[in-house]
Ligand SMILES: Cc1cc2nc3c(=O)[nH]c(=O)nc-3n(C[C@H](O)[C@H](O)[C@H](O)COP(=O)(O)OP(=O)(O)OC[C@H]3O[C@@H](n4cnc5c(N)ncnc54)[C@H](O)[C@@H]3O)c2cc1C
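For reference, the chain that follows is the form predicted on its own, supplied as C-alpha cells.
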Amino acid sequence: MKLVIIGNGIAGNQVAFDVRKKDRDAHITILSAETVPEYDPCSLPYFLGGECGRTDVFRKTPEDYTTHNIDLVYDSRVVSIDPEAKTVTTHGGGQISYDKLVLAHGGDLFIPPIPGIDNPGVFSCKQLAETEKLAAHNGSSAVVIGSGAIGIEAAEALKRKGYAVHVVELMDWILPSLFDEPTARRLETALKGYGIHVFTGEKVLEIKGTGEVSAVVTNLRTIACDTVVVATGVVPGTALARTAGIDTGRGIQVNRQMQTSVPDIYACGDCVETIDACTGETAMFQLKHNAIEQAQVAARHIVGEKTRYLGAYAFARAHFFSTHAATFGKTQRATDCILGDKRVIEREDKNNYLRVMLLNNQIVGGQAIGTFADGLGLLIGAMWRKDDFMEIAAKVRTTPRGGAVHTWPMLRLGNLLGM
C-alpha cells in the first residue's frame, strides 16, 4: 500500500505513525508545506514569551521519521488532486501517486481585508516560521487583532517580553466562541489587571505605516504601536479537496470512518466537518483532541480494522499568567437556536466562577475560572452519559457522606454544583 498524507501537523503524523504500527510494509509519505518536523502549534506562544526554547515546541525529530521508515517531504505544498489517476501535484509541479490519500492539512489563518495588513511589522502566531519572526522583532508596543485562544496567549507572551499590549476584538467580548459574556468579562478584567488593554466591539479599519507599523486605527480610536499580531481565526482548508470533487461544507465532509465522498481519500483534523458527539448536530471543533481521535479512526480504517468515529466535542482552556479557565460543550449562545427547556447554573467564590448550561435537565456545556475548572471532568462525564440533573440531585441527597470509594465522584459532582 502506498499511503500519502498531506499535512505534517498533529493529525497527519498520528495517521502516519499509527498505520506504521499496524503495517510494517506500507510505503508512507508525508507532504509538508513547511520545512521542519512536526511541532505543537499550541506551544508557540510559550516559545514567543520565552517560557520554553525552540527545540521544546517539536513533537518529532528527523530521526523519528527515519526510524519508522516514513518519508517526510519538506516544502511540498499540494495544489491539486487527481482522483482518477490517483496522483497529487505539488506547487513545484511534482506528482506523487497514492493508493490511499489522507487530507490533514488543517486550515489557513483568516486574513481580514484591512488596509496595511501586509506592512512590515505585522505577524501571526499560527506557524513556527511566523512566530520566529515575531520573536526576533524588536518592538515595544503591540496590537493583537482578535481575542481567541491564540490571540490571548500571544498577548500574554508579548507582555512577558516587555511590550505594551492592546487587544482589539470585533465581537462584544473576548474569547467569543469559547465563553459566554459573563465568563468572558471576568477574564477581561483579569487581563486588564495584568496591564493588557482590551477593547471589545471595535473594528480595525487600518494599519498605518510605511516601511514599519506606526498605528492601528479602529472605528473608535487610534493606537500607536510598532507591532501587530493577526489572530483572527483559522479558515478550514477546503480548496484542495474541491480540486478532487470532494464534498465540502464549512469543512471537508466525512463519514464515521473519516472517509470523504471520493473513494480512497480520507480527511481528519482542522480541515474536516463532522458531528457533535453529544447532540449529533453537524459540528466543527478545531481542537487538538478531536484531530488526534479523528486521525486514529482514519488510520485504523486504512489498515482494514472496523472502527467508527463517535464525534467531536468542545473542550478548551484559556490560561494566562495566574488565571486559568476552561470550557466544554455548548455556550449559552449556542443553545439559543435549540428548542427546549434551558437553564443556567452559576456559582462564584472570590475569583473562582462556574457556569453550567442545562437543556431539558441535561448538562450540555460548562465554563469555569479558577478552582472550579479542576472539576470540569466530572461535568463532562455527566454530559456524555446524558445524566438528568434532577436525578443527580436526588443521588447526591441519598449518597452516604463517608465510606465507599465509589461514592466519591457523585459527592464531588454535587459539591461542584453547590448541592
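Counting begins at 1, following the sequence as shown. Remember, predicted model here, so these are calculated numbers, not experimental data.
Below, we refer to the form predicted together with the ligand, which is not included among the displayed structures.
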Please run the contact check for L287 against the ligand in the predicted complex: heavy atoms, 4.5 angstroms, yes or no?
-> yes
Would you please decide whether K126 lies within 4.5 angstroms of the ligand in the predicted complex, comparing each non-hydrogen atom pair?
-> yes
Are any of the heavy atoms in V102 no more than 4.5 Å from a heavy atom of the ligand in the predicted complex?
-> no
Proximity of V78 to the ligand in the predicted complex, heavy atoms at 4.5 Å = yes
In contact with the ligand in the predicted complex (heavy atoms, 4.5 Å), from 189-197, 279-287, 216-224, 336-344, is stretch 279-287
Quick one: from L31, V356, I28, M383, grab the residue that has a heavy atom within 4.5 Å of the ligand in the predicted complex.
-> L31
Contact assignment for the ligand in the predicted complex, among G370, G375, P41, G49, heavy atom within 4.5 Å = P41
Are there residues in 203-241 with a heavy atom within 4.5 Å of the ligand in the predicted complex, and which are they, in order?
-> L240
